[in-house]
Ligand code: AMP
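First, one chain by itself: the form predicted alone, in structure tokens.
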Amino acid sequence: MTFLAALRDTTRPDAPDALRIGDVTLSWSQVRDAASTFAAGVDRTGPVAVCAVPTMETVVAVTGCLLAGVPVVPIAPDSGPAELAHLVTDSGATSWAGPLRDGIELPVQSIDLHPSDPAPLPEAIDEATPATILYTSGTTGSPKGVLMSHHALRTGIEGLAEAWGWTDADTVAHGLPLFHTHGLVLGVLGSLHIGSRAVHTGKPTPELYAAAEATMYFGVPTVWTRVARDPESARRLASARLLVSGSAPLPVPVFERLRELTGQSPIERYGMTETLLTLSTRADGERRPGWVGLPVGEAETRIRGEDGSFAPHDGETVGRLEVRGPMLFDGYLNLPEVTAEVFTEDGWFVTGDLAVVDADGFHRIVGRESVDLIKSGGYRIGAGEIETSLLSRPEVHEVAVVGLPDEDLGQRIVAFVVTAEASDDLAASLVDHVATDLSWHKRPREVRFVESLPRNHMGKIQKKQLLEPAP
């Protein structure tokens, strides 16, 4: 099978509403003709940088590159000058597609949604060919280019299709950015491979999600939190088959509120830019709040302790999550030494995430090893369970827990809390709540009330920005 199989299948019925983005709708044949025409005229001497605004033109440019066997570099529309220059230079992009940005001097590829003389569909290409160069968020330095092949994209999507019962009878809806794996690869390219209809809502608002009339909805926790706070819109999702949450942990209270309003429990899953999705709860299986389920497709996982031993499947022992499988990336562009550092000698990718696994093989992600494992007073404490405990309090709208340097404890637990009811009494009450709900040594030693938490484009909290000492 070839990636984008459904789009390449010229025998499939030509659904007039195969793909809708905002107010623009194209049929299967129209998407195919537009993408094939772009592929015929694209510069094949190097990668193509695509300004990934949420439009049909972006999808046509990305898909056209993939059909032509040219690597595509999705660019965040709001990238600043320094980041933009790094992405274009590091990727070696030789042309540009989409709205032109200041400072870009590359040749611009034209995009025609309705070509008068469409080019024929290109022949299938070698699946080992690089498909995308997706850049990491750059939280530990300059963004790194993640090389994904056509084979990795196909096998990753097919593994999810099996776990989710995803077929061409589905309609996928989301309003996520098109320069990340979740929105672009899963939400759009996945639909073009499986054959499901796809609706991009433009913005991920509860009202637009409710109006999409889909069977599968993709969102990040920020989106689902907003949906859970809009009962009218949430109830309109009750007819959907799956509500899928990812890119960050879904707070348990939001999980339970969605179940109450829609009559179904969300699907939670785990993956990285480098791995696509490797873990998920299943459409036909248990959906447990706070847990991301089982390996999907051909993915394999293992959890190792600090001493290199394998963690027992007891649902409690925290260790470093390592994964392998055909959906993994081929390496970081231009960084062979960095690539070698993130793989073990026997070929497993070290995710940098902490996890536990239970006797049934269910996984729970505790957090990032760099910021979510707190070593305080001789204890190894996961920030995630403290955050979940605090979020059960109705006064807490958002929270991030970190470990700050402490001469006595090594690290002291500090909770950054977003609330409309900030007071010394509430801070003391929250500390007591964690001490009672979890244990005394897991209580925050300090509660800091903030107006908002720093987040990236996908809604992930950027904890490194919270690690600076208070003024």
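Keep in mind that this is a model prediction, so the values were computed, not measured. Numbers follow the displayed sequence, beginning with 1.
What comes next is about the form predicted in complex with this ligand, which is not displayed.
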From the list 166, 329, 255, 270, which entry has a heavy atom within 4.5 Å of this ligand in the model of the complex? 270
Pick from 302, 114, 235, 380: which has a non-hydrogen atom within 4.5 Å of this ligand in the model of the complex? 380
Picking from 87 to 95, 68 to 76, 262 to 270, 151 to 159, which part of the chain touches this ligand in the model of the complex when contact means heavy atoms within 4.5 Å? 262 to 270
4.5 angstroms heavy atom contact with this ligand in the model of the complex for residue 274: yes
Residue 398 within 4.5 Å of this ligand in the model of the complex, heavy atoms: no
Contact of residue 249 with this ligand in the model of the complex (heavy atom, 4.5 Å): yes
Residue 215: heavy atom within 4.5 Å of this ligand in the model of the complex? no
Would you confirm whether the three residues 292, 368 and 375 all fall within 4.5 Å of this ligand in the model of the complex, going by non-hydrogen atoms? yes
Where do residue 378 and residue 249 end up in the model of the complex, Cα atoms closer or farther than shown, with a change of 3 Å or more? closer
Would one find the Cα atoms of residue 382 and residue 249 closer or farther in the model of the complex than in this form, where their distance changes by 3 Å or more? farther
